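Below sits a lone chain in structure tokens, taken as the form predicted on its own.
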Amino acid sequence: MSSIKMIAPKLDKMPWQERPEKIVNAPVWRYKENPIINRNPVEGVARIFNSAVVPYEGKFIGVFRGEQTNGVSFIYLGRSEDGIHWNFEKEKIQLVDEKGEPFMPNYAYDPRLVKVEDTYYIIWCTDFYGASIGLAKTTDFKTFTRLETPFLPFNRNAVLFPRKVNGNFMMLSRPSDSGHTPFGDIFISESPDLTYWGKHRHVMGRAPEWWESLKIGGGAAPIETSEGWLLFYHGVSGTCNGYVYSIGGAILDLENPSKVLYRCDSWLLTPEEWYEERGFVGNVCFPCATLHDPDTGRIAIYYGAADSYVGLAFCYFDEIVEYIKKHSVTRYDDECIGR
């Protein structure tokens, strides 16, 4: 039994399915009825994937990467009673500036949705003369105010922490190039106001393990625990048939999140099912969100599958923490404060 405690609001109702009788390798299991979102979910959208959800007013709400039938991605709003069956708004999310004037990007994809205090923040990959980070806020999921672009290009995979650390907002990101970059490490940045970002630190880089030997990137918003931040991230391997995206796990220091306390040397979930192996981009498990309850220790992981579907997986907090710690391998660049 882990001595680490999850620090999060109680979540009475969340999607869940008990574990199968036998689990091989990591203590993570897939929802038997995956994928929970299939192709052509709404008119004009061919595929929804790499999307994020949060609990909201006793139900669930999410921002979803919708690959339009013209090939351009935008973010769409979805609502659900149970976190599994979703209804989507037909029109893409309309972003405005601080004056309420339209402020739409050229495209938007791979969103995360994180609540900090009383505000919900959407973070996505946008076009800013090359791939960069988009940021918007809402309190009611009716008006979405787009904020200043946090970083210069080129950057992707931005993930906001669910609370301030030492008085500052904290954001993970993955600096890269503007293409389908064959490299990338996870960095962290701080801001007092979501406008000016600095104190950039290296968190962790790709590792010798095959499944994360090419590049890594942030996934779901970190889960606060009594010992550190539990992070589900993605690792990428290069093969003769292209890239393979798997889900990994790490625990970051609570007050200095650029310092890695534990880092699992094996994947937690890797493409094995048809909807993960076959799709628009095959062999992809890409985590973007979790729902979690401290009382039961249940964690539900939402992940994009093969750039075509949304999958759901489950684990218990105690078990996944113990698994990460038992299989942890950290290196100097992980263990030090990333100056």
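All figures in this text were calculated on a predicted structure; none of them were measured in a lab. Start at 1 with the first residue shown and count on from there.
Separately, the form predicted in complex with a small molecule exists; it is not shown, and the next lines address it.
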- With a 4.5 Å heavy atom cut-off, would you call Asp110 a contact of the small molecule in the model of the complex? yes
- Message: Since only the chain is shown here, I'm wondering whether Arg146 would be in contact with the small molecule in the model of the complex (any heavy atom pair within 4.5 Å).
- Response: no
- Could you tell me if Glu273 has a non-hydrogen atom within 4.5 Å of the small molecule in the model of the complex? no
- Should Asp307 be classed as touching the small molecule in the model of the complex when contacts are defined as heavy atoms within 4.5 Å? yes
- Task: Using heavy atoms only and a 4.5 Å cut-off, determine which of Val284, Ile48, Ile301, Ala52 is in contact with the small molecule in the model of the complex.
- Result: Val284
- Query: Non-hydrogen atoms within 4.5 angstroms of the small molecule in the model of the complex: do Arg30, Tyr233 and Arg263 all have one?
  - Reply: no
- Query: Can you say which of 102-110, 186-194, 89-97, 146-154 gets within 4.5 Å of the small molecule in the model of the complex, counting heavy atoms only?
  - Reply: 102-110
